[in-house]
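Only one chain is included here, represented as structure tokens and corresponding to the form predicted on its own.
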């Protein structure tokens, strides 16, 4: 019988190390059952969190070979089919403070979640007697967002959070904000969006890691897009984020081509573009990333429309409705 080999990242509050565990293969073992086997039979000092074992509570999320997943809902045989028969490296979630081994601290994350103002303040026309009735199609529009179990997988793999958490929130926070802001029963959708604007809503890198790693198939990136659309509809069009989106859309409507030379001044203003971005532009020239011919083409790109530009304009128009 072939053995499993787990390489687990350990942390005792002071020291970090990677420890090797080898144990017999049993068909149908999940990552969580392997961790439980290690703790009960090989090393009682190993720390991890788990609760429901049914992919509902989200407590058992870890990283395996650098990818976040639910330990209770992931078969080791499936991982070996993906990664081969070599050792599997198990680590705590990324973008979080580690307390011990695979256990991470959630206090700060929960406090930041409060910025979404979670909780429904219903419209005044709903009575206490009849409750908050909702049409099936309105419920279906937000149903997927209600599936969020706060496992932290999206947070773990978010590249913007890896860069800095000072100007960006955990992706699940935007999911919860959009869940209430888009609810047809909500009295004031903007109360869930305002803090999101101040906390990085426009700084998403669109890497889609939050989408691909969510075990429930939720799209935090889609929630961010919905919040941005809500901001535009509310007239919140000032600031680099909204101006960037508007400039992007303007280029598509004019020619279907993105004019990157003009995009920065439209987003940040001429003064900021000249003072902050000029050194970067000069480095691009120096390293051959941008030549005078390519730059000139970008300046005149407004005169060259993509093929079937009218079809693209129809799509953009339909998307605005």
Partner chain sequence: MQKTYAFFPGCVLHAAAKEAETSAVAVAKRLGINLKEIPGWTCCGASHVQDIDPETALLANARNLALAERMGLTLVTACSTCALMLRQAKATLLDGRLDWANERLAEAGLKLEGTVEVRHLLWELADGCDEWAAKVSHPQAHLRVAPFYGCHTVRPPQVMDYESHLNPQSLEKVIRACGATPVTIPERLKCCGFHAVFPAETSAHRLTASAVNSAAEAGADCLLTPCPLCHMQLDMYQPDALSTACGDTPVPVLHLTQLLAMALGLDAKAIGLGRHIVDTKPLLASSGSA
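Residue numbers count along the first chain shown, from 1. Computed from a predicted structure; not experimentally measured. Definition used throughout: the rigid core is the maximal C-alpha set that superposes within 1.5 Å between two forms.
This next part talks about the form predicted in complex with its partner chain, which is not shown.
**Message:** If we define contact as a non-hydrogen atom of the residue within 4.5 angstroms of the partner, is residue 104 a contact of its partner chain in the predicted complex?
**Reply:** Because no heavy atom of residue 104 falls inside 4.5 Å of its partner chain in the predicted complex, the answer is no.
**Prompt:** Can residue 22 be called a contact residue for its partner chain in the predicted complex at 4.5 Å between heavy atoms?
**Reply:** So residue 22 does not count as contacting its partner chain.
**Asked** residue 170 near its partner chain in the predicted complex, any heavy atom under 4.5 Å?
**Response** Taking the distances in the predicted complex, the answer for residue 170 is no, it never comes within 4.5 Å of its partner chain.
**its partner chain contact at residue 7 in the predicted complex, heavy atom, 4.5 Å** = So residue 7 does not count as contacting its partner chain.
**Prompt:** When its partner chain is placed as it is in the predicted complex, which of 171 to 179, 86 to 94, 242 to 250, 190 to 198 ends up with heavy atoms within 4.5 Å of it?
**Reply:** Contact-bearing stretch, as computed: 242 to 250.
**Asked** Looking at its partner chain in the predicted complex, do all three of 38, 41 and 109 come within 4.5 Å of it through at least one heavy atom?
**Response** So, no: the whole triplet misses its partner chain.
**Request:** Select from 39 to 66 the residues with a non-hydrogen atom within 4.5 Å of its partner chain in the predicted complex and write them out in sequence order.
**Result:** The stretch 39 to 66, when checked against its partner chain in the predicted complex, contributes no residue at the 4.5 Å heavy-atom cut-off.
**Shift of residue 30 between the shown form and the other one at or above 2 Å (CA, core fit)** = No, because once the rigid core is superposed, the C-alpha of residue 30 moves less than 2 Å between the shown form and the other one.
**Message:** With both forms fitted on the core, check whether the Cα of residue 313 differs by 2 Å or more between the shown form and the other one.
**Reply:** Yes.
**Request:** Spell out whether the Cα of residue 191 moves at least 2 Å between the shown form and the other one when the two forms are superposed on their rigid core.
**Result:** After core superposition, the displacement of the residue 191 C-alpha between the shown form and the other one stays below 2 Å, so no.
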